[in-house]
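Just the one chain here, laid out as structure tokens, in the form predicted alone.
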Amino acid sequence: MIIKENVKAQLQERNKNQGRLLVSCPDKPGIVSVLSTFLHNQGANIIESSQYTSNPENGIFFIRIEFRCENLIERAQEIEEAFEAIASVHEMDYRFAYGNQVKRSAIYVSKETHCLVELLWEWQTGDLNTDIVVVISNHEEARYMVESLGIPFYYIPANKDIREQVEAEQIELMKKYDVDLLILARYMQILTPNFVSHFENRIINIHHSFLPAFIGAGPYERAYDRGVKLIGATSHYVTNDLDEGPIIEQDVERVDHRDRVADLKKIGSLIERRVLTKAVKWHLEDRIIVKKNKTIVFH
């Protein structure tokens, strides 16, 4: 854990003067100039910028700007207050994020731990810039792995008969650990609308299917029965519509008639690991803007 803490400290020090600005607004000429001029006047240097317009005529404009500014931590409130006037004139939805503010994540897992293992490895190497502050599971399989890394582990049995009680306990834990992001790393429980409402666009799920195909349980079995030639995985934000939230990342692998259900699951587990990890990284790096049920992801 000393190594991990050293990596975290180095990242915070390196990123302390780095900020991100995400904006969406009605498209019109000059928006990029307005934003770049504002940041220039604040003494900021733009180091990365990505933009997208949903429609060349009467569309919505989206942009993510990464910038550096001396003494950013001390000046953040001043900069945000100055930006409010510009945002009002141009009808902007926006948010600032800061490199020294590391998001706090909770991981939910059931019996299968392959996605959890991938996330923990990326976290240990410093490639997943978050504090994993707690792991919650309805099975005991992952306890030793998690606690050996100094992360609190909570075993909370869950089923439909006690779901309301379980979720009340989980919500309290999220408050206790001041969690910013919930990662469902093959947590095989359906969340209620009440639970989801507490964490809008802050719950990321991995579904072991290339959505919108094979929504719900048993996708590999149904894919095998259908004779698919491609299998995939989808990471998305959780909404009250089962497996229909805004999609963040997807990937596929080719299979054929020789592959049985067990083969599909083995191949699929590799896809799930990389898809979930990418989606979590995009969120942690503030690369996602959610618009209705779609995402704009600035890779």
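Don't overthink the numbering: it's just position in the shown sequence, from 1. Small disclaimer: the values here were computed from a predicted structure and weren't measured.
The form predicted together with another copy of the chain exists for this protein as well; it is not shown, and the discussion that follows is about that form.
- Although the partner is absent from this view, R143 stays clear of another copy of the chain in the predicted bound form, with no non-hydrogen atom inside 4.5 angstroms.
- Another copy of the chain in the predicted bound form comes within 4.5 Å of no heavy atom belonging to R20.
- In the predicted bound form, another copy of the chain lies within 4.5 Å of some heavy atom of K281.
- A residue is said to contact a partner when one of its heavy atoms sits within 4.5 Å of a partner heavy atom; Q189 fails this definition for another copy of the chain in the predicted bound form, lying far away.
- Think of it this way: in the predicted bound form, another copy of the chain has a heavy atom of just one of F153, F195, F83, F210 within 4.5 Å, and the residue is F210.
- The stretch from 154-162, 197-205, 107-115, 172-180 that comes within 4.5 Å of another copy of the chain in the predicted bound form, counting heavy atoms only, is 107-115.
- Contacts with another copy of the chain in the predicted bound form, taken as any heavy atom within 4.5 Å, map within 261-286 to K266, L270, R273, K281.
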